[in-house]
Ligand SMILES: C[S@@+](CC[C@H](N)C(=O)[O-])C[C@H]1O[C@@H](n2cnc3c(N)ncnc32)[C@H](O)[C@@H]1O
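Just the one chain here, laid out as structure tokens, in the form predicted alone.
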């Protein structure tokens, strides 16, 4: 069924929100103040979802997306908005989400720290197999808007210019490879996840070792901004110990905790743990210890055996957030003075924070959003929790 409606706002995820007979209707690609024609796709008791068919009255902010694949790829949600408007809506979405989920009126949410580049900022991309089998060279593509089909493109506007060649090249995949990741080192040379290789990236003026099979943030400029903000908070806290959970290659203590006397890194990925030691040695920073294995197991055991009130706990978990067992432990057990949480998914972050705050032993001191992924729905957040 086709319907006409007027869009009121943009919600987290980039959908336009309007109302049909008092029921919320979410429409991808629609903007506030627009009158649109849409086709109902999902009609539940308390909400519906619709596909944008035609914009009848466009919003004054609407612009033509520069990407020719925008309708099929689905990786970007905000190319039809000027960047300044995207940032304004992301700021509103963060503030509204914190109010709705945590119901804390006093939370300080600072302005979004912007990416120096709104396009061409990614230093890594992942492409997916487009043909079954193995042994035959094939082009690789992105997952389509339908979350199933593969989209072949000549270039992604979000990717660094030096990655352009991988989109049109033919790749011979192993039978087990469904996707392959392509990464740039500090000299713009391409490495892949086909085999392990160590390479350097430059973040915040520091050259760090990482692995082609490990994780590293894909917007290096914004990663440097996060490191600078974290360093400011660490200087204000003056902790006696810095515990880095999900440490990766040790990026953030190296950028932000140079003056802290004790630093421990907790990391599961074996390709990253070797880089931690190498990076600390080359930067001349003391490293008290590296604890390998699942953080959910190694960290609680360590903290219970080594209590120290002047401890700062820093967490940078994967997109799925932390296990409920770890969140409950942080809420009830630690005697740490401060927790700083870095997250790339707003809703998962709020889920984890709600569990940590449930025991009322911590309060949120500050929230800083970072636009790590311009033109997409994603937003990175740095949250400072202080012991009450």
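Just so you know, these numbers come straight off a predicted model, no measurement behind them. Positions refer to the first chain, counted from 1.
Keep in mind that the form predicted together with this ligand is not shown, yet the notes after this line are about it.
Only one segment in the set 108-116, 241-249, 81-89, 172-180 has residues whose heavy atoms sit within 4.5 Å of this ligand in the predicted bound form; it is 241-249. None of the heavy atoms of residue 278 is located within 4.5 Å of this ligand in the predicted bound form. By the criterion of a heavy atom within 4.5 Å, residue 293 is counted among the residues contacting this ligand in the predicted bound form. In the predicted bound form, this ligand sits within 4.5 Å of a heavy atom belonging to residue 268. Looking at residue 318, you'd find a heavy atom of it within 4.5 angstroms of this ligand in the predicted bound form. This chain is displayed alone, yet in the predicted bound form one of 217, 97, 77, 211 has a heavy atom within 4.5 Å of this ligand; that residue is 217.
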